[in-house]
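Just the one chain here, laid out as structure tokens, in the form predicted on its own.
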């Protein structure tokens, strides 16, 4: 059954991107049918989701390959265009199409007033197709094609409102910073091919790698992941990506682009399991990223910036799981995070849609005016804070347990990583509690009369709220029962780093720590922002002083990059334009022209129009040729 399902499931979003894009380009009348365009785009992605769901329910084989024909055939290099369905790729496809379909539906209402919505839906469909190509690809070049396709679509969608310079610059920033990381993926692919002679992922798994190759390629792939999944030092594009429409932010942050790096490292588990030292480096960067994102989110006033830095922090959690060799835990958090982060972003879009502002200081009291949006936003807040029995509790606890377990193997640095994650979990509950209390509770501080969003926007919120509550139950901790996602699904595709199991007493201790930290974080948020009516910012600015100001300025990392990289680049560009350019552009052509002119003068002296002289040239040339033949 999978054989018939996969081609159609892949074709549907590509068909939508092509027909909507070309139709809107060639048929101006079609551009005015906004609900029709949005409905077609949504139905196609919903169709892809249900096809993948059918494949999921009927899946039995360890893996399945489709479209196995040669894409590039240059002997000895032969690259098949082949898609692979295994438990990991099928699970990711369900996340992409399921969450993506809800975001498409939400977009119908959100983008109803936009004149260029046909472009938006065309690129949104293409985004889904590119991400499916990335996760289903069985060869690294095809994976790279999907990887770059996702980057290109993000550029067009982040810069959707390109009439404003800030939006265009944000799109350029995302595109360029991702290209920096992509150099690592390309270099790693070339290194693997030079070592093994193949790009096929399944064949790469069977090769015996030396430690130097596994570590080098692993670090190059992690460099690619730092760009796509917003880890230090290439994370600064993600907060600026908020310049795009809010549903785009939800799609990028929840279900597609930023999870690509986590997927890549889980797919390449056979490399990382050979070099635990590489995973330790990944852990250090992941923990630092998680802490930085949590701290900066605490001081932001823009609702989308809070959620953006929250995503940076949560991605740090996912890579922390990868660093512990717990790839299943990382993918499990990708799954639960997709629900509550999409819910929070779409909820924020509903609030922005109603109030006309992204500043939480101009909101307040919106839960009473917008009850569906308000209550579902609270569900997402409690879920991301890690409060049981909501989804975030189970996936965060599994990551915490995995990092702690890695510490028991003798690598003491992982105990430090675990303690940092506990601190970041507290920060998550604190800044999300702050956001919810300031934006949703108290008295309304904005202008106008906010009202609830239309059904096409609230229905996705309800579905995502249910997922944020229930999604975690497929991955129960060993103390509470069997983990279906680990034991019966992803274990077929992922081979984790071998570590000892924790005792039930230790598991219970970690479960209690996770719960207490989340509750304390929400409690502190209530004390500072709920009970005292948003007095928390004054509290933090008073006690943290200049550091809090730096946090509100996003630690001025962009300014640092501006001075360290952008301005020197401009200086070199001006040097090339003002000094090297004139020399190359005018000096060298003038020199060549003078040389050719002088050569012409010399040759012209040989052409005097005297026939006997020409005959003597011919005789002399013939004699020289005869001499060369005789002596040769």
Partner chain sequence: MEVFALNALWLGPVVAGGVSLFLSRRMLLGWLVLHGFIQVLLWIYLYEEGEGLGPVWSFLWFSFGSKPFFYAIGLHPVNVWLLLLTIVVGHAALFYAFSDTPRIRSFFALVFILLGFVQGVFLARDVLLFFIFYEASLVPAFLLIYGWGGAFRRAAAVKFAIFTLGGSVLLMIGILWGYVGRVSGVWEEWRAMPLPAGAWLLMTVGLAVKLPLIPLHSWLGEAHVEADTPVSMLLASLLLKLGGFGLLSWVWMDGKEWAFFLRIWGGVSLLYAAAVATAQTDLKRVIAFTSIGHMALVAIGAGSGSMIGIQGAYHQLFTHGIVSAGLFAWIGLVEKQMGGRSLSFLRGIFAGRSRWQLPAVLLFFAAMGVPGTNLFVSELLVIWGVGVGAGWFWAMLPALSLLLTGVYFLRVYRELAQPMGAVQGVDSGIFFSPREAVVWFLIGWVLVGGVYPQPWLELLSYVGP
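No experiment lies behind these values; they were computed from the predicted model shown. Positions refer to the first chain, counted from 1.
Below: the form predicted together with its partner chain, not depicted.
Note on the interface: of 92-100, 485-493, 244-252, 182-190, the segment with non-hydrogen atoms within 4.5 angstroms of its partner chain in the model of the complex is 182-190. Of the heavy atoms in residue 169, some are within 4.5 Å of its partner chain in the model of the complex. Although the partner is absent here, residue 412 lies well away from its partner chain in the model of the complex, with no heavy atom inside 4.5 Å. Under a 4.5 angstroms non-hydrogen atom cutoff, its partner chain in the model of the complex lacks residue 207 among its neighbouring residues.
In the model of the complex, its partner chain sits within 4.5 Å of a heavy atom of residue 31.
With respect to its partner chain in the model of the complex, the three residues 113, 447 and 543 uniformly fall beyond 4.5 angstroms at the level of their nearest heavy atom.
Though its partner chain is absent from this view, in the model of the complex it lies within 4.5 Å of a heavy atom of just one residue from 573, 36, 54, 599, which is 573.
A heavy atom within 4.5 Å of its partner chain in the model of the complex is found for exactly one of 378, 144, 426, 526: 144. Heavy atoms closer than or equal to 4.5 Å to its partner chain in the model of the complex belong, across 148-178, to the residues 148, 152, 155, 156, 162, 163, 164, 165, 168, 169, 172, 175, 176, ordered by sequence position.
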